[in-house]
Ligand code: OGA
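What follows is one chain in structure tokens, specifically the form predicted alone.
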């Protein structure tokens, strides 16, 4: 049973611009490095749409990772400096792994990377340049193909066995400093996403190709955000789920510019962990 439309429409909301995928000939592709001469960095061009984005804080208890594709969780951390890669890996990784395993009742959790972001006005998001900028287009981090490939890439010896069970790619996203008012994250209710809305798109690295979903506009999409998240809060975001029993498998999300953000709000600083979550059955 999903969220009731009448309940949603009574929630506070902001109206903001989200960047969907404009119509494109062929499979969209983006280079994660300087493209070859004459090639554009990306063929995935934005198509902005103004949409209402509802306040999920008031209904957080009714939102489920399996149904809507995201969830708000309380997750205090002992990390003092998220810009210290060594501290993140030695302190944050083990705590997050245990937290996700317990919260999702998983058999195993494997963290394969993390990204720290700090918004700098007028700067594009470029891979390999730290810190990264908020991602300002509607996307899903993995596809049906790349979700499975992540297991083969990171756990090649065990992949065949692990892929017999249920596999998820779950991101743990949090502000580094709160309350977060600048460039918050918007999450789409996965139950409002039609399969045809998701467009597999190549992400081209020097040594391999990844694949993400770009997202076409659909007026049925229902968007949520959590205003003023604190540093003790986090979002679980579903980027892939091998289960095909009606649960949400892919959760579109994007940073957005909240028109109600105060002019003096500190720039958004955030970290996301990307994890493989395994269930034997």
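Quick caveat, the model's predicted, so the values are computed rather than measured. Residue numbers count along the first chain shown, from 1.
Below, we turn to the form predicted together with the named molecule, even though it does not appear here.
- Among the residues 109, 185, 162, 193, the one placing a heavy atom within 4.5 Å of the named molecule in the predicted complex is 185.
- Residue-level contacts in the predicted complex: of 226, 237, 44, 53, one residue has a heavy atom within 4.5 Å of the named molecule, and it is 237.
- The candidate stretches are 194-202, 73-81, 93-101, 137-145, and the one lying within 4.5 Å of the named molecule in the predicted complex by heavy atoms is 137-145.
- Using a 4.5 angstroms limit between non-hydrogen atoms, residue 255 touches the named molecule in the predicted complex.
- Heavy atoms of residue 150 never reach within 4.5 Å of the named molecule in the predicted complex, leaving it off the interface.
- Using a 4.5 Å cutoff between non-hydrogen atoms, residue 117 counts as a contact of the named molecule in the predicted complex.
- Heavy atoms closer than or equal to 4.5 Å to the named molecule in the predicted complex belong, across 240-272, to the residues 253, 255, 268, 270, 272, ordered by sequence position.
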